[in-house]
Each structure stands twice: as structure tokens, then as C-alpha cells.
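Before any questions on how it binds or moves, here is one chain, the form predicted on its own, in C-alpha cells.
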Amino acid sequence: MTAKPKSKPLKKTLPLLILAGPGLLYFLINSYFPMFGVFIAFKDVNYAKGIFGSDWIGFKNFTFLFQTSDAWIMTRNTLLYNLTFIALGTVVSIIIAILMSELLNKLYSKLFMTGLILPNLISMIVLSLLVFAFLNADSGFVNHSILRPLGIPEINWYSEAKYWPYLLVLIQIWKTAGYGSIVYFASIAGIDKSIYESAKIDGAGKLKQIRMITLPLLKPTIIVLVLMSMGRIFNSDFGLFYQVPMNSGALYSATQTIDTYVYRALMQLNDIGMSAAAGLYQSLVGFALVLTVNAIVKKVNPENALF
């Protein structure tokens, strides 16, 4: 007879459960409990009857997103902006992480990292005022201090939609790239330094080390983060597209996304059923995209798939 091994699973896992408790509670309250309200998307909510007593109208709320001439514009903008943010954001974040990893002085590395993360801590309201200070047609820094001294015609930035795709991408990358580089920087820090030393002995320079060692070892991290980003490709940063352009009607062709359109429409219609339908639509499409991209990754390289 062999003695059964003594196991105390609760005692061993209790500290981990306590540590994960706040995060789990956050996800339960903000992500899982609200899923029970999905049925609101299929109802004509009447406050007098209550949510459960309101009339069931099927898919009529979903036609709200597609019965307007702006449907193509807002869908196009949402997709193209997010694809650009994912692609450029990933590239810039990796470049920043690699450059930071090459700083041998830890003090300088921490100072630069702090400076790069700082833009992510600025609220969109403050950022919109900073952008307005630069682009204001009358006294903005760009018109007053750059274009006017050079003799270049001044631009009314908040009336010219053609400039805003570039401005929004630039603002988004500036705000998020430093914060996004943290995960890549941590992954690079976890790479065995002996691999670089061996490559250096074999005559590989810095660029070749990055191309042959750093980037291949970063591939799993890149795939996971891109897959997670794809899940929110139909969601947009409301502050970026609504507050930064100052809700200027002349810019709607370049700044209108699904989120801003629903907000503007609901401010007039006050229909939470339509809002729930838009949220459900975005979530389902995001979920389908994550499954699709993960299936492609799994077929090409199963080891790097998310699940």
C-alpha cells in the first residue's frame, strides 16, 4: 500500500485567488453580468412598461445601423482606422521596445520609458484641448507660428476633412505606442542574453541580431496582441473621434465611426434598444474576427495560435 500524497489545493491556490480576485470581480461586473441584457437589443424599450414588459420587435433595432446613407462611411472608417492603428501601432511599439532594450544605462531607460508612457495617461478631453491649441484657425500654433511665417496659406483645420485621417492616426500612435511597447519590451528582456552573445561571436551585427533573434522570438507575443486587438476592430475610441475633432460636422466624412454615429443618433432618439443592438453587432463581429484570424494562424503555425 502506498500512502496517498498529501495535497492542500485550497491552501496553495488561495493566495493566487485573492490576488486575482479584484481582476475577476471587475470582469464579472463589467463584462459578464451585462451579457444578460443582450435581449434589450431585440426590444422596443418603453420606460413605462419596463425592460421586461417592453414589446419584442426582433431585428428591427439592427436596421438602425444600415438604413442610413452614412452606414458605409461609418463602417469603412471604423474598419480602416482600426486596421491602421493595429498595423502601425504594432510596428512602432516594436521599434520603441527594441530601441529601449539597447539602452544600457538603466536610469536613462526608465526616464525614456516614463516619457513614452506619459501620453497614454492624458485624458482625451485634455488631449482635444492640446490639439485645438495647435490647430486653431485663428491663433493655433501651426497656422500662427509655422505656416504664416513661411508664407504658406493658413488652413482651417476643423473644416477640412482631408487632413484628419492623417492627424487622427498620428495622435493615436503618439498616445498609445509607448504604452503598447511595454509588453514587447518585457518579452525582449526575457530573451536569453547568451543567444545574442553567440550571434555576436559568429559575426552578426545589431541589425542581423534583431532580424534573426529578436523578431522571431517576439512573434508569439505579436500574434497574441494582434488577435486581441482584432476583437475590438469594430469598436472605436470615442474620445479620439468625437472630442478631438470637436464634433465638427464638416469632418464627419473622416471622423464618423459606428460609436460616434450611435451616440449622436441616440442623443436625438433616446432609444437604448438601438444602442444595445449596435453593441451586440460590434461584439459578434469582433468575436467572429478573432475566431477567423486565430483559425488562419493555427493553420499556418499551430504553436502560435491563441487557442
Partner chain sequence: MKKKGLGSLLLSMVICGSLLSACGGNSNTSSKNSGDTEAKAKVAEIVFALPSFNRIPDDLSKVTEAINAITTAKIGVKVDFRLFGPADYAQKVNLALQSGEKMDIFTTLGQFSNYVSKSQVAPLEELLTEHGKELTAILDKDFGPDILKTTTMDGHIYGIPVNKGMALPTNIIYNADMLAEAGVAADSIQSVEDLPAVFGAVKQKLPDVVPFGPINVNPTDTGLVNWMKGASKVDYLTDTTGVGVVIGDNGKVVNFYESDVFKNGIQMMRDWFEAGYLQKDTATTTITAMEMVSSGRGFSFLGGYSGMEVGKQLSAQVGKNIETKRIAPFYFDTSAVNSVTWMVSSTSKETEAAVKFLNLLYTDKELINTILFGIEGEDYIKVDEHHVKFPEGMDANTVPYTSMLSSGIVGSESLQYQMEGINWSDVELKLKENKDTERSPYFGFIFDQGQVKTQMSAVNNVVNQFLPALVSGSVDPESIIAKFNSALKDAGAQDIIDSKQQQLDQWLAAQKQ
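Numbering follows the first chain given and starts at 1. All figures in this text were calculated on a predicted structure; none of them were measured in a lab.
One more form of this protein exists, namely the form predicted in complex with its partner chain; it is left out here, but the text below deals with it.
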- If contact means any heavy atom within 4.5 Å, which of 106 to 114, 200 to 208, 217 to 225, 68 to 76 contacts its partner chain in the predicted complex? 68 to 76
- Message: Please determine whether Y281 contacts its partner chain in the predicted complex, using a 4.5 Å cut-off between heavy atoms.
- Response: no
- Partner proximity in the predicted complex: V45 to its partner chain, non-hydrogen atom cutoff 4.5 Å: yes
- Message: Within 4.5 Å, heavy atoms only: does M246 come near its partner chain in the predicted complex?
- Response: yes
- Query: So in the predicted complex, does M274 come within 4.5 Å of its partner chain, heavy atom to heavy atom?
  - Reply: yes
- Contact at T84, T90 and K298 by its partner chain in the predicted complex, all three, heavy atom at most 4.5 Å: no
